[in-house]
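The data below hold one chain only, encoded as structure tokens and taken in the form predicted alone.
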């Protein structure tokens, strides 16, 4: 019996980061790419359309930032968990994301195993 796939939406304004995260998902048998967005506005739209289990959300993006997108997604779609993945060490911004409903946050220099395990833990809530 195959495990249930965890569907992940990647949200980051940098194409290389999205590509790297996609590659990470490909090496994990239980994680699947649901889609990609390059800003918070697209993230909200795709979250509604694709209904992923988890969103990997950057914080600093054009058009709509990750904090605002997280707040909207968690209000409209509380069953979708948001894991903030950022390079920012602005702890006030990270706190705002957690206040907006993010499950957790991680820095972009995290290991593959730590990120994959955090995604898995988010769906066990």
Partner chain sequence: MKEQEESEPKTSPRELELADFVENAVVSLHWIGVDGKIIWANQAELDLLGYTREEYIGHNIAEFHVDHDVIEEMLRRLTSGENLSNYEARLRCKDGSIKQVLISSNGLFEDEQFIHTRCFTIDITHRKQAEDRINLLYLLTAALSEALTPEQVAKVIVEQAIAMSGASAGSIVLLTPDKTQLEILISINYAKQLTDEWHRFSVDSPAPLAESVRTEQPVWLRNREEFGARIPLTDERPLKINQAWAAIPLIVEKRCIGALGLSFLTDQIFDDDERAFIVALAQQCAQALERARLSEDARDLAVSEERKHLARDLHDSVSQSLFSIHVLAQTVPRLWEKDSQQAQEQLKQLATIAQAAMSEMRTLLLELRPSSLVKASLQDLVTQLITVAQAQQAVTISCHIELEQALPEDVHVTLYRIIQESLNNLVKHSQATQGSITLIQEGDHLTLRIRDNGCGFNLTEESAGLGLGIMRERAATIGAAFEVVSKVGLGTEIFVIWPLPL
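Fair warning: this is a prediction, and the values are worked out from it, not measured in the lab. Positions refer to the first chain, counted from 1.
What follows is about the form predicted together with the partner chain, which we do not show.
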query	finding
Contact test, all of 21, 60 and 85, partner the partner chain in the model of the complex, heavy atom 4.5 Å	yes
Heavy atom of residue 71 within 4.5 Å of the partner chain in the model of the complex	no
Proximity of residue 29 to the partner chain in the model of the complex, heavy atoms at 4.5 Å	yes
Proximity of residue 38 to the partner chain in the model of the complex, heavy atoms at 4.5 Å	yes
Within 100-114, the residues that have a heavy atom no more than 4.5 Å from the partner chain in the model of the complex	108, 109, 110, 111, 112, 113
